[in-house]
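Only one chain comes next, encoded as structure tokens, the form predicted on its own.
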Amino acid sequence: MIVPPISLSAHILLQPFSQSELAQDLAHCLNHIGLAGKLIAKELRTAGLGPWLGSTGTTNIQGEEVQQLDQQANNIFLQVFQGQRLVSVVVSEEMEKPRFIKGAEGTGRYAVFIDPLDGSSNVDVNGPLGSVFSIHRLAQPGYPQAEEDLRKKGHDQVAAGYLLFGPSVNLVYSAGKGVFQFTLDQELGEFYLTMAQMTIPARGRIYSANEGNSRKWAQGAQDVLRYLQEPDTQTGRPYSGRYSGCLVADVHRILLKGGLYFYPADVKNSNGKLRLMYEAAPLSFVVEQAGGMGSTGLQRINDLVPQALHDRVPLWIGSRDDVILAESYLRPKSQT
């Protein structure tokens, strides 16, 4: 007997909370995010033939050069949420201020945080790309919302996940009841379930880091790297280094294979470089649901209280044993 594939919409309605309002809301939000993923994938397939390669010549709120596809991906996310009534605000890496959604003025119960196109430096070389999303429930529906009402801890996320644009297009998400992967059938235009209840190994043999920055790291972070590179057959070292320049792709590899991704603070980015609310927190939410950990090196990512919408943090994420070992090197000597 051939079992028919389970679509993203059908999957949500089959979950334990399927009779609740939450399930209907999640189906609504994730279907819109899935639509954005399909539209971005379409643009990426023909990016080299159209106007979307190269820089716009501007910088975003992060001080980073905006690529043409950064801007296009951001516009796509905004467009797919226009006219619906559940998501009233979108917070994006590419926008200094939240964008309030016309049509959800008095009804929108959710805020969506996005990194619309992670790894955009890979665009011109046809490397892997991703999008990260986080869904929070608002205390009061509609808008305007005060900024402090949008600054929520990671453990308050209703759902989080990412899109990965590679040889296939994947949508990975968690709503606090496990982690699920969907793969886009490009011909049918639908995401179908391809992995359920994903788990990360307790320990891996892969690390992912931008080693070109290692001389700028604090001594503890350098010691972690040195430990991972040292030969020791009893502990399965050295680990293999894998780094693509796309956070989503590198964390996805760690989720599947186990190991450690880290982007420490450095002399240039003393608070870390990755954004808390739409990079570190949603990815940590997913990895924790799979049995792993997300840490600043000193504390759990999803316990942090954001001080601003675009807060940055160091990130150590992956297999539980590997993150715990890294924390042992990063903890001040007085706490060891």
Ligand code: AHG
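These figures come from a predicted structure and were not determined experimentally. Residue numbers here begin at 1 and follow the sequence given.
Same protein, other form: the form predicted together with this ligand, not shown, and the subject of what follows.
Trainee: Closest heavy atom of Leu247 to this ligand in the model of the complex, within 4.5 Å or not?
Mentor: Contact with this ligand, yes.
Trainee: In the model of the complex, is there a heavy atom of this ligand that lies within 4.5 Å of any heavy atom of Leu255, even though the partner is absent here?
Mentor: Close contact is absent here: in the model of the complex, Leu255 is far from this ligand, nothing within 4.5 Å, heavy atoms only.
Trainee: With a cut-off of 4.5 Å between heavy atoms, is Asn170 one of the residues that contacts this ligand in the model of the complex?
Mentor: Outside the cut-off, so no.
Trainee: Answer yes if any heavy atom of Ser92 is within 4.5 Å of a heavy atom of this ligand in the model of the complex; otherwise answer no.
Mentor: No, Ser92 stays farther than 4.5 Å from this ligand in the model of the complex.
Trainee: Can you say which of 175-183, 255-263, 196-204, 77-85 gets within 4.5 Å of this ligand in the model of the complex, counting heavy atoms only?
Mentor: Result of the contact check: 255-263.
Trainee: Give me the residue from Tyr227, Tyr243, Tyr192, Tyr143 that has a heavy atom within 4.5 Å of this ligand in the model of the complex.
Mentor: Only one option qualifies, and that one is Tyr243.
Trainee: Are there residues in 99-121 with a heavy atom within 4.5 Å of this ligand in the model of the complex, and which are they, in order?
Mentor: Asp115, Leu117, Asp118, Gly119, Ser120 sit within 4.5 Å of the partner.
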